[in-house]
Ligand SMILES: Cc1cc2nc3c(=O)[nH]c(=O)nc-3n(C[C@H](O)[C@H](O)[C@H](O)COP(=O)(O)OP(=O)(O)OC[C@H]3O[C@@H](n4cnc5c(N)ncnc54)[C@H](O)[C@@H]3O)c2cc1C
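In the block that follows, a single chain appears as structure tokens, in the form predicted alone.
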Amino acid sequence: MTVLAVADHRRGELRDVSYELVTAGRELAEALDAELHVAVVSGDVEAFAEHLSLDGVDTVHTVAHGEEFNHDVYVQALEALDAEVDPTVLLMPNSVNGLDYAPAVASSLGLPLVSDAVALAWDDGLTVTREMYASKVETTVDVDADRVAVTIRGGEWGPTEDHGSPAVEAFDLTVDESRVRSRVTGFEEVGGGDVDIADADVLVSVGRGIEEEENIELVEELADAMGATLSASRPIVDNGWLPKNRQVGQSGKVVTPDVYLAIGISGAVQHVAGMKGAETIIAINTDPNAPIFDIADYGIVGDLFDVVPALVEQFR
């Protein structure tokens, strides 16, 4: 048996979810006593294969065709790889690209598709854990099929970082150009701007507790002093105080920084869904019963207008 995980990349760089897919795939492969294969399609596949040569991976398949994502090429590549590898579980990222091609691939191959998985287990069949109703309810899905396709949510598995020595095989794909009916003409970050909070190691995030737009300057000052990137919860973005590309949460971006400093954020489930994968979480809030303290490693119960200036002085 085989588990096949499909790496994700953008603008010439592998996305973090690629390494998380390896972790999820490795756990499944161990449970199934199966091999773990990883596929990477388009772009600098030789360089990607080097980065994907990780512990637990048996084979990396490279499909050199084009530089950027193309829906029709991905569908054809995964159809052909499926015929070659015959995976029991096909793992794909629950990313913008993954959600674009995964349904088409599953439909083409006649596989059931379970999307946005946050946990996987195998016991005489695959069980997938998903979250529903804005992450307020967790459900498990028992898949009654011999083979299945799954997309996994980023930030739910730790990345695999240890180097391995898998076989790297160039997959010779013959693309049916008559089936290529789409092309990517450009890339535009949602909300504009050149900051990707998903790449930040340290995030200082501001929430509703900041009260007024002009007070955000105080938190920006702290972020600058810490060498951190500024992010926000949804109310700040809905008010137009910061752009959409700064939003953390279920309707924003999933982030996994080394340090996440939540300032004036209560910890609604929609926000927590986007940042709970942070290595260290620090919260500042006047309400000692705020849900954010349930997941925080360190907490300060206090007025942010007293605490933040004191922190700025410490970091300067």
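Keep in mind the model is a prediction, meaning the values are calculated, not measured. We call the rigid core the largest set of C-alpha positions that still match within 1.5 Å between the two forms. Numbering starts at 1 and follows the sequence shown.
One more form of this protein should be noted, the form predicted together with this ligand, which is absent from this view; the next part is about it.
Within 4.5 Å of any heavy atom of this ligand in the predicted complex lies no heavy atom of residue 59.
For the chain shown alone, residue 207 is a contact residue for this ligand in the predicted complex, at least one non-hydrogen atom being within 4.5 angstroms. At the 4.5 Å threshold, heavy atoms of residue 235 reach this ligand in the predicted complex.
This ligand in the predicted complex comes within 4.5 Å of no heavy atom belonging to residue 298. Residue-level contacts in the predicted complex: of 54, 268, 281, 63, one residue has a heavy atom within 4.5 Å of this ligand, and it is 268. Proximity to this ligand in the predicted complex, taken as a non-hydrogen atom within 4.5 angstroms, holds for one residue of 67, 46, 258, 287, which is 287. Per the 4.5 Å heavy atom criterion, this ligand in the predicted complex is contacted by stretch 227-235, the sole one of 80-88, 118-126, 103-111, 227-235. Contacts between 297-316 and this ligand, taken as any heavy atom within 4.5 Å in the predicted complex, involve 302, 303, 304, 305. Once you line up the core between this form and the one not shown, the Cα of residue 65 stays within less than 2 Å of where it was.
Put the two forms on the same core and the Cα of residue 92 is off by less than 2 Å between this form and the one not shown. In the core-superposed comparison between this form and the one not shown, residue 13 has its Cα shifted by less than 2 Å. CA of residue 254 to CA of residue 98: farther apart by 3 Å or more in the predicted complex than in the shown form. Put simply, residue 254 and residue 126 spread apart in the predicted complex: their C-alpha atoms are 3 Å or more farther than in the form shown.
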